[in-house]
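In structure tokens, the next block holds one chain alone, the form predicted on its own.
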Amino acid sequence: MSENQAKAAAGSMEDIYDEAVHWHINTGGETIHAKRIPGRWRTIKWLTGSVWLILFLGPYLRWNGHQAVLFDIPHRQFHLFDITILPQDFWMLSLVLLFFAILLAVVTALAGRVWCGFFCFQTVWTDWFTWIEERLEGPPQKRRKLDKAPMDLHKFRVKFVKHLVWVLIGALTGISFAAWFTDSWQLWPDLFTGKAGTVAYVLVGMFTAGTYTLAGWLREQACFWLCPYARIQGVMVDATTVLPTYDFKRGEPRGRRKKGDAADKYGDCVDCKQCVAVCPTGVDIRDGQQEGCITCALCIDACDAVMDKIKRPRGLIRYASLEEIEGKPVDPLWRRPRVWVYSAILLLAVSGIGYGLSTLGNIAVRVLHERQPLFVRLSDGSIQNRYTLKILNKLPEKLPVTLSVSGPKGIRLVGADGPVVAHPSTVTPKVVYVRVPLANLKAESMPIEFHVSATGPGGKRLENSRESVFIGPRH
């Protein structure tokens, strides 16, 4: 190896060593007590976290005398207000899953771990738990001091109240989650009177323990070591992804200004470490993008507050791409191929879901044509076909259904003179016969259409139809 090669190798090793020194991940040896400061991103974080509070109210709402949102697993049906989804409609579930999977991918590719920073259960519940901790134990300095203090009556009382509140929140979370799968108004009295089933108690217990452990104790460690998304998100971003980023060109060299210092001695970063103090995972954004960064943008609020105090422009830490920070031209979103690909898949999924919901009714009919024989010639010269109609009633009560058929001239339905009682939340089969005069058959196979109609709750008219074929002899 030449002398120049040796120097280059030594220089690269020094760069790797310097990077390793600054690449710090808290492995659980210390408890992170993040500082809370007001700001635009903190407000957005509270608003996005409150979405889950609204969603957890879903099972407690009533709609037309029943639970507004109910995932009835034993009976294999989902109730969403006026919509009832049975296994026959679960093809839409694949489109819903596809939509959210692609949405997660496109958001990560464009703006990083937005889900982690603003919507994830772990992030939101941890934020609430630490807020309660701050209300009871005080700001970060007091919490650290209390953790190191020997156990006494005061410390025991504060810690006991905190953990009790955490357990109660965990229990409320577990009960509210279980309420999605059973009658919520009946679940509460059943739980406290011992009438709830074993599954309900196990589910509530698991969610209580899981919420208490993950949000109260593990906190950011769940993001580091348990969440698979934290591992794969690194391959989903590139130089065009907009992330909370430290502008090193503007901020370096960092240092605290003193009177008499030259104007260009230091950059805008005064090394106050407020960006680190507010970080819920304890990373230093100034050391570059790290696995622990959940892109919650709280460091932006902290840095902007400091810039306001020292009368410097905001944006030393801001949402920016690597290309922007390096001064390269940034292509607009519409010129990025993957944005078009992601958008096309999202549009396809949304269109499918919209079509499914628009054609989803409380009754439906499927038609099976009898194959043996295909048709029968009657004594009066007419042709008869046999069909099995499978009437799907998605309502929780019996439904009298009227059957009719349309098609060639003289078509007549036999075997359904009166209403057919469709049983609740299941398929009711009905065998019927269709007769057509031979003279009115213009082809060996002609289209016909079966119609079902009924009057639902509140006098609502329910209708559905299904096309089939009528088979006759060859002309």
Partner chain sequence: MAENNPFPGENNTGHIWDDNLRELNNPPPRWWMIAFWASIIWWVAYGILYPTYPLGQKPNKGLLGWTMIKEYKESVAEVEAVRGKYEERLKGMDAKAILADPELKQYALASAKVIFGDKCAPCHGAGGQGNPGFPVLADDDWLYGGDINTIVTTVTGGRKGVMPAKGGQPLTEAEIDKLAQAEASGHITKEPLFLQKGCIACHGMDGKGLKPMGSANLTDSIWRFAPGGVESAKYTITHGVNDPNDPKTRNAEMPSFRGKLSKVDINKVAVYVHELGGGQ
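The term rigid core refers to the maximal set of C-alpha atoms that superpose within 1.5 Å between the two forms. Positions refer to the first chain, counted from 1. The structure presented is a predicted model; accordingly, all values stated were derived computationally and were not measured.
Not pictured, yet referred to below: the form predicted together with its partner chain.
Only one of Arg386, Arg366, Arg318, Lys162 lies close to its partner chain in the model of the complex, with a heavy atom inside 4.5 Å, and it is Arg386.
Interface residue among Pro74, Gly381, Pro329, Pro337 relative to its partner chain in the model of the complex, by the heavy atom within 4.5 Å criterion: Gly381. The closest heavy atom approach of Thr198 to its partner chain in the model of the complex falls outside 4.5 Å. Although the partner is absent from this view, Arg377 contacts its partner chain in the model of the complex, with a non-hydrogen atom inside 4.5 angstroms.
Remark: Gln372 counts among the residues lining its partner chain in the model of the complex, judged by a heavy atom distance of 4.5 Å or less. Put simply, Tyr433 is close to its partner chain in the model of the complex: some heavy atom of it is within 4.5 Å. Core-superposed comparison between the shown form and the other one: the C-alpha position of Arg36 differs by less than 2 Å. Relative to the superposed core, Leu438 shifts its CA atom by 2 Å or more between the shown form and the other one. Remark: with the core as the superposition reference, the CA shift of Asp287 between the shown form and the other one stays below 2 Å.
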